[in-house]
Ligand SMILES: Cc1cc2nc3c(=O)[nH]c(=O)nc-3n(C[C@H](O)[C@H](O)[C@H](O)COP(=O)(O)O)c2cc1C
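Here's a solo chain for you in structure tokens, the form predicted alone.
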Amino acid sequence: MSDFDSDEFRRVLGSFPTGVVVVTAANPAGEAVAMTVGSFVSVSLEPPLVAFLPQKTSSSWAALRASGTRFGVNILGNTQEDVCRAVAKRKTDKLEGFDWSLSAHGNPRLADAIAFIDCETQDVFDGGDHDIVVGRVKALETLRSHLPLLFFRGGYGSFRPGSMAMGTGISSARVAQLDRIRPHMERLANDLSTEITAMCMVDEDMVTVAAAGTDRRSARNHRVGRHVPFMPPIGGVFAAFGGPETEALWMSRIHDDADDAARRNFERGLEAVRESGYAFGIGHETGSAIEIASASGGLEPTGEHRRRLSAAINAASAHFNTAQVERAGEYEFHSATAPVFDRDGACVFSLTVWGPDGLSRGTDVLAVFDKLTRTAESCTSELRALAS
């Protein structure tokens, strides 16, 4: 006999926030079936196993189980509360009105989910008034850079961590370096009350691999994991300090519409970056256009999304590394980026500080440049000590 009732059990366990997923499958008629689940967990790395715990009396679980052994897990983002509530409330046609497609394994995949996992049921165990459904992971992918949707004490919301990192696509040695520089990023983010991000080169793209702090202009999404093309005018830090081959690659990716004058401007911009030790962008509209294009294409934009992103980057050419910031002036300060080097002198990361909305005084912008470059130098010292 327990010393508590079911209401107290729910109340106490409700103190533990959970992520929210929509588990989907296709029934024999080809129709989508789905249920909202707050009890999804990672079980095993080898073999790759996950699990969710549906209530035994759930009609949605009965429909999923009758559909066969395959199911998909859609990890919801903080913009998908409407999906969560609709799937939980509806008796039929649970995905009607929402954009979805079938995965390679035949499971409905929600277009705006932040991640998707294809599974094959391995075991179903008894768990009291719930079943414990263990699935073997057949395929998985990260789709969006939105923050997760969470359930906590009867309500839905999200959170933004003080810092975060993603090691996908980079070596274990690079991950170890990233761990050493993150405290420096966090201190700068706290000092400037903004977001600091770190990028590195991955397969001739630039990928945001870590972030600290909060960018008030992008409060609902985060940049970690996003790929952007390595092309003028962005990526000037890697082009300026990455050696002749990296500079040549960068210059070879100039947009087709660029003329000789634009090429000379890019060359002068690289010289300015080498002289000052940082790259920067002025102008919120053009900078935000790159951000919007980057976010709309998911983490690794391809096809039309990539063409739109490249066009947005090209349109910003006149706003990167071309202005002269004067102490008495006022500027739409969008961002500034400085290099981080390893013991061998290779530029392994770039650190970016993101500016506030509106106009910033020239004195404040110059102060940010100084703090950013000092932090980048501290990170470089950290990596040299790590390698010694």
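C-alpha atoms forming the largest set that superposes within 1.5 Å between two forms make up the rigid core. Residue numbers here begin at 1 and follow the sequence given. What you see is a predicted model; the values in this text were computed from it and never measured.
This protein has a second form, the form predicted in complex with the named molecule, left out of what is shown; the following refers to that one.
Only one of Ser360, Ser67, Ser335, Thr36 comes within 4.5 Å of the named molecule in the predicted bound form through a heavy atom, and that residue is Thr36. Between the named molecule and the residues Ser58, Ser44, Asn27, Thr322, the one pair within 4.5 Å by heavy atoms in the predicted bound form involves Ser58. Here the chain stands by itself, but in the predicted bound form one stretch of 339-347, 50-58, 323-331, 352-360, 50-58, has heavy atoms within 4.5 Å of the named molecule. Mapping the unseen interface onto this chain, Val20 counts among the residues with a heavy atom inside 4.5 Å of the named molecule in the predicted bound form. The named molecule in the predicted bound form is not approached by Arg153, whose heavy atoms all lie more than 4.5 angstroms from it. The named molecule in the predicted bound form comes within 4.5 Å of no heavy atom belonging to His255.
The shortest heavy atom separation between Ala248 and the named molecule in the predicted bound form exceeds 4.5 Å. For the marked spot (His105, Lys138 and Leu143), a heavy atom within 4.5 Å of the named molecule in the predicted bound form is absent from each of the three residues. With the core held fixed between the shown form and the other one, Pro244 has its Cα displaced by under 2 Å. Superposed on the core, the two forms barely differ at Arg308: its CA moves less than 2 Å between the shown form and the other one. Here Ala198 does not count as shifted, since its C-alpha moves by less than 2 Å between the shown form and the other one after the core is aligned.
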